[in-house]
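Only one chain is included here, represented as structure tokens and corresponding to the form predicted on its own.
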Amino acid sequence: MELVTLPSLMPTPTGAFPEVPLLALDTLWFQVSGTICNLRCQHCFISCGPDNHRLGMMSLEQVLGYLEEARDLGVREYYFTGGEPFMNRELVPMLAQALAQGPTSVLTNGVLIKAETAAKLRGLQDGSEYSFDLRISMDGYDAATNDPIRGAGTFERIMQGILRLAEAGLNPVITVTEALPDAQTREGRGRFLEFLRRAGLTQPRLKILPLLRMGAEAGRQRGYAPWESLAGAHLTEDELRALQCSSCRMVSAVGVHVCPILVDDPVGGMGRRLKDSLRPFALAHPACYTCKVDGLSCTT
């Protein structure tokens, strides 16, 4: 896919929303378990849970179809998420197919990772010429900070998954949101890294994400305020290029979405095929404000 040349950017009229062209389709996301998850996290921006079937599981056949289209469009890397992706029984062969085409990552809560699962994942890494990453989500360095957000007993179960990956020779990225009050501070980050070292990760990797005030999080704390909007904003060329929707798309069992954040919102729908989504997107959703102001990137 050829890069799009940005037009000369003029100030956006008051009340209108800036549009982001798809400059290059570099990254493709797969919502392989839809909104189905084994946990019910209090800050989940799409309110995933065991009984949330608004978006269903993707099949291996669907994933293969999008991978073929992605290859033709020049996609460079792949991400698999949910819900909880390991609830999809076809995840491992899906990952194997993606790793035949490019660098691949999985976003998971880690609870379902058993020793045999970790061994299979290590085999995928060893069998591909491309990089393979796993991202484990948690929200505290002990049960007292994590479990109120992710559920009773989840801290210990998440740590077991992390350690099983480490024992298999894999070094997952640990993802923490600002639900942990000091996550963005230098002291808080240092404390978390030290906790991970003590837990057995010799070279810990940590990613901090802002909260998206939608879904379950809107009920836990608050939703977006009227002023949290990009209406009337003027974005420079560099600012447009920094937004993930300028270079990525998300696919699910029901079609193509503009990004991982708006996968369960009608405003994010862009058609059935990737070729249908190669068009600009208006930054009219409040979550777009978070992406712009906080520099949110879902990629590793």
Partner chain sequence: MHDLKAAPATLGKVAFFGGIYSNHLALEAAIRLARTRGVDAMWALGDFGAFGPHPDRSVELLMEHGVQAIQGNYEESLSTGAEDCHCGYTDPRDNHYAQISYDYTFEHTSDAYKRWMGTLPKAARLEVGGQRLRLCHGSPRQINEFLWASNTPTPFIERMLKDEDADLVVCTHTGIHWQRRDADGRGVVNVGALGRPPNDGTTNVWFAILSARPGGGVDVEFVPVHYEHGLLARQMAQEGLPQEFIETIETGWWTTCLEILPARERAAGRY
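Positions refer to the first chain, counted from 1. Small disclaimer: the values here were computed from a predicted structure and weren't measured.
The same protein also exists as the form predicted together with its partner chain; that form is not shown, yet it is the one meant from here on.
So which of 234, 54, 241, 273 reaches within 4.5 angstroms of its partner chain in the predicted complex, heavy atom to heavy atom? Checked against the cut-off, the match is 241.
(Q) Only one of 107, 209, 73, 214 gets a heavy atom within 4.5 Å of its partner chain in the predicted complex. Which one? (A) Flagged contact: 73.
**Prompt:** Which one, 131-139, 159-167, 84-92, 215-223, holds residues whose non-hydrogen atoms are within 4.5 Å of its partner chain in the predicted complex?
**Reply:** Looking at the partner contacts, the answer comes out as 131-139.
| Output flag, 184, 230 and 280 jointly within 4.5 Å of its partner chain in the predicted complex, heavy atom basis | The answer is no; none of 184, 230 and 280 reaches its partner chain.
Open item on the list: Taking its partner chain as it sits in the predicted complex, is residue 101 near enough to touch it, meaning that at least one heavy atom pair lies within 4.5 angstroms?
Closed with: Contact with its partner chain, yes.
Exercise: residue 146 in contact with its partner chain in the predicted complex, heavy atom 4.5 Å: No, residue 146 stays farther than 4.5 Å from its partner chain in the predicted complex.
query = Can any non-hydrogen atom of residue 125 be found within 4.5 angstroms of its partner chain in the predicted complex?
reply = Judged by the heavy-atom cut-off of 4.5 Å, residue 125 is in contact with its partner chain in the predicted complex.
Query raised in the report: Should residue 26 be classed as touching its partner chain in the predicted complex when contacts are defined as heavy atoms within 4.5 Å?
Result: Yes - in the predicted complex, heavy atoms of residue 26 and its partner chain come within 4.5 Å of each other.
Check your understanding: What residues in 194-219 sit within 4.5 Å of its partner chain in the predicted complex, counting heavy atoms only?
Key -> In sequence order, 203, 204, 205, 206 come within 4.5 Å of the partner.
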